[in-house]
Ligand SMILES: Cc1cc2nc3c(=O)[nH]c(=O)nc-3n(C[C@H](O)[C@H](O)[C@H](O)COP(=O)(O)OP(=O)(O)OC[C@H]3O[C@@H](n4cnc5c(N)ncnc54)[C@H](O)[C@@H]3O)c2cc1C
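Just the one chain here, the form predicted alone, laid out as structure tokens.
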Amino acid sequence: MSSLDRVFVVGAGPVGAVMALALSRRNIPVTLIESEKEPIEDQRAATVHPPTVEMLAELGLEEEAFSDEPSGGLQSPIFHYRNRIDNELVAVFDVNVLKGEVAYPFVLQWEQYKLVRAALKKMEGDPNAEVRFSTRLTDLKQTEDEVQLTVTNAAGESEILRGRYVIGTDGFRSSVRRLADIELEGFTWPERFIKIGTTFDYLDTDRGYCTRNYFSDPDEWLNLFQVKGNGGKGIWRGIFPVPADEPDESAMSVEGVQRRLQNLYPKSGDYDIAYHALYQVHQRVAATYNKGRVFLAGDSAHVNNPIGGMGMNGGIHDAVNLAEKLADVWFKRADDNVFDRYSRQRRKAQIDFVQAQSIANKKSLEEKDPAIRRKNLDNLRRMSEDINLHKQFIYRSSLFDSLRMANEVE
């Protein structure tokens, strides 16, 4: 085998790990490159929608995903929409209504770092898979026949790696995208989001919450989800907006964090805080997902607000789509014009569905006009109470429609 018969994947987050696993299982030699010294315990994405669960199962991750151990996920078929002003339960949606129609009729709350660990473990001993930590991409060139990556290790030593293709899965600040000169088009929201994790169990309260909750509020909307965490107690994650005029220091202070949780559910004493993080939120899509022998997937190609849990799922859908097309070209079942189709398909999924839906989700939860808010809430209730509309809502919000319509693009 030529030294060029290899694909490089840059960035060992959930999309990169799945990308590498999908390629190795198709007998394509792959090297996964990560600048960190080890997989990081990133507390961002956790929601895995049903079609994504199916993809992970097909990659051999079903046992790890459904494990009863803390390393596994939490099955969460039900989610609530509430009016936070008076805790009115507006609508209950249940993915179980699709039982018999889809393979996995539930959402899996599986933290992204656990998915990464499971995928990396699955590749151990695979001669097609190599993982290189403490390796930073510093330059990228491509010719008609190959890609050339200049990388630097922890000691500052440089090396040139040569292969057939490179895939950027290295996040919003993607070095691959920057070095390939691909524009990331869109905008940044003026407010920031804060994610707060607490071991306090909201199921033990009198509020009637479930494991996935969306709260509409003109002043401070909220998402509240449960994940397993690492300690056996479980972690509840709240995602709150931070107004543009609120200083970072105030939002991240002990008082700021406690205030937001106490406003959600007042209790005696402080909340135990597992973690908290403040971040900017973008709605952006790369101008193209392929340029010669360079590809983008996941946050390197698209970013969106997290309401609805669509970002990581869309990235995994990118990875599975691209792995299939790379295998077809690699084993001469197709020529390389299928890569343009990859870009068309996955950009459509992102622009027409993920971007549109995540923006609509945010605007609906934060709506300030009382009449429009009431109309939105009544519409959610109506959809939840009509079985056909209920199913349509699930198919769209769980990205079944996105996947189907994107895959139909020629």
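Here the structure is a predicted model, which means the values were calculated and not measured. Residue positions are given as counts along the sequence shown, with the first one as 1.
Beyond the structure shown, there is the form predicted in complex with this ligand, which is absent from this document and is the topic of what follows.
K.L.:
Using a 4.5 Å heavy atom cut-off, indicate which stretch of 244 to 252, 159 to 167, 285 to 293, 299 to 307 touches this ligand in the predicted bound form.
P.N.:
Selected stretch: 299 to 307.
K.L.:
Since only the chain is shown here, I'm wondering whether residue 40 would be in contact with this ligand in the predicted bound form (any heavy atom pair within 4.5 Å).
P.N.:
The answer is yes: residue 40 has a heavy atom within 4.5 Å of this ligand.
K.L.:
Considering non-hydrogen atoms and a 4.5 Å limit, does this ligand approach residue 15 in the predicted bound form?
P.N.:
Yes, residue 15 is a contact residue.
K.L.:
Mark residue 275 yes when one of its heavy atoms lies within 4.5 Å of a heavy atom of this ligand in the predicted bound form, and no otherwise.
P.N.:
No, residue 275 stays farther than 4.5 Å from this ligand in the predicted bound form.
K.L.:
Under a 4.5 Å heavy atom criterion, is residue 175 part of the interface with this ligand in the predicted bound form?
P.N.:
Yes, contact at 4.5 Å.
K.L.:
Though this ligand is not shown, can you say which of 357, 384, 376, 35 has a heavy atom within 4.5 Å of it in the predicted bound form?
P.N.:
Comparing distances to this ligand in the predicted bound form, the residue within 4.5 Å is 35.
K.L.:
So which of 30, 349, 53, 46 reaches within 4.5 angstroms of this ligand in the predicted bound form, heavy atom to heavy atom?
P.N.:
Looking at 30, 349, 53, 46 one by one, just 46 meets the 4.5 Å heavy-atom criterion.
K.L.:
Using a 4.5 Å heavy atom cutoff, which residues in 127 to 158 contact this ligand in the predicted bound form? It's fine if the answer is none.
P.N.:
In sequence order, 135, 136, 137 come within 4.5 Å of the partner.
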